[in-house]
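A single chain, nothing else alongside it, follows as structure tokens in the form predicted on its own.
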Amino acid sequence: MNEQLRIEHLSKSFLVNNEKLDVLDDINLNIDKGEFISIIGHSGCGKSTLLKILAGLTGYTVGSVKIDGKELRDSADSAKCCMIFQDHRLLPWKTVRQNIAFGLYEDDKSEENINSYIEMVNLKGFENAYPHQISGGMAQRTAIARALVRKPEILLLDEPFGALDALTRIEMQKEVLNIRSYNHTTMILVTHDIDEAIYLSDRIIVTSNRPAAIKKEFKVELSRPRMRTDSDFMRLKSKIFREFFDTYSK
């Protein structure tokens, strides 16, 4: 694989009520093209801030972030990345098709192009429905299609399934893997769900409490498709579980 993303000695702090608040602490991470990386850690430790830095939504204090060897400085440099949030953030006055096409250049708004992404996320037949007329899972698939239609090389997923019921969440996880196999997009997922991380990922990063630092990395060497009840799956889950809670009990 070819290295696509290199993060070196990355730290981030905010000024809150005139006091310095450290959020990220000396993050070092290299990600190859086409990899699926999950980052797990407790709420408020800085995971989402890391994704926002990669998306160009916020800057960083110290360190270096390079995408394909080019230093990331602002949102213009992060054009290869696209972020999907926990809530779908669809425009309620636009249909599924219009939401997917929103923000595209006219040359990219061809019916054939939009239809290919509608079919990719299994929304054919619902393209003219409005957000209030579809389920939460369908709305999130629309948000994923809206991101993918821009052909990002790196997809940033900030707990995109957190608000879904358990069965819909499992279906969405399968959908993401189907999409990944379709266009080989690099994916970085923030999640609290260890099962989800193992099911989806090539590598899992466990972070410390705030300020977030990388405490442990697990390589997921399980064959696909993965079964959550498989003994190797459960064994890895137990290792990550112990590391996760040992980290936060200190």
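This one's a predicted model, so the numbers in the text were calculated from it and none came from an experiment. All residue numbers are counted from 1 along the displayed sequence.
Form predicted in complex with a small molecule: not shown, discussed below.
Visitor: Since exactly one of Lys33, His42, Lys66, Lys215 fits, which has a heavy atom within 4.5 Å of the small molecule in the model of the complex?
Guide: Result of the distance check: His42.
Visitor: His192 versus the small molecule, in the model of the complex: is there a non-hydrogen atom within 4.5 Å?
Guide: So His192 counts as contacting the small molecule.
Visitor: Taking any heavy atom pair closer than or equal to 4.5 Å as contact, tell me whether Thr186 reaches the small molecule in the model of the complex.
Guide: No.
Visitor: My question is simply whether Phe241 lines the interface with the small molecule in the model of the complex - judged by any non-hydrogen atom within 4.5 Å.
Guide: Heavy-atom contact with the small molecule at 4.5 Å: absent for Phe241.
Visitor: Would Val23 count as touching the small molecule in the model of the complex under a 4.5 Å heavy atom rule?
Guide: Close contact exists here: in the model of the complex, Val23 approaches the small molecule to within 4.5 Å, heavy atoms only.
Visitor: Quick check for you: of 196-204, 48-56, 216-224, 178-186, which stretch puts a non-hydrogen atom within 4.5 Å of the small molecule in the model of the complex?
Guide: Looking at the other structure, the answer is 48-56.
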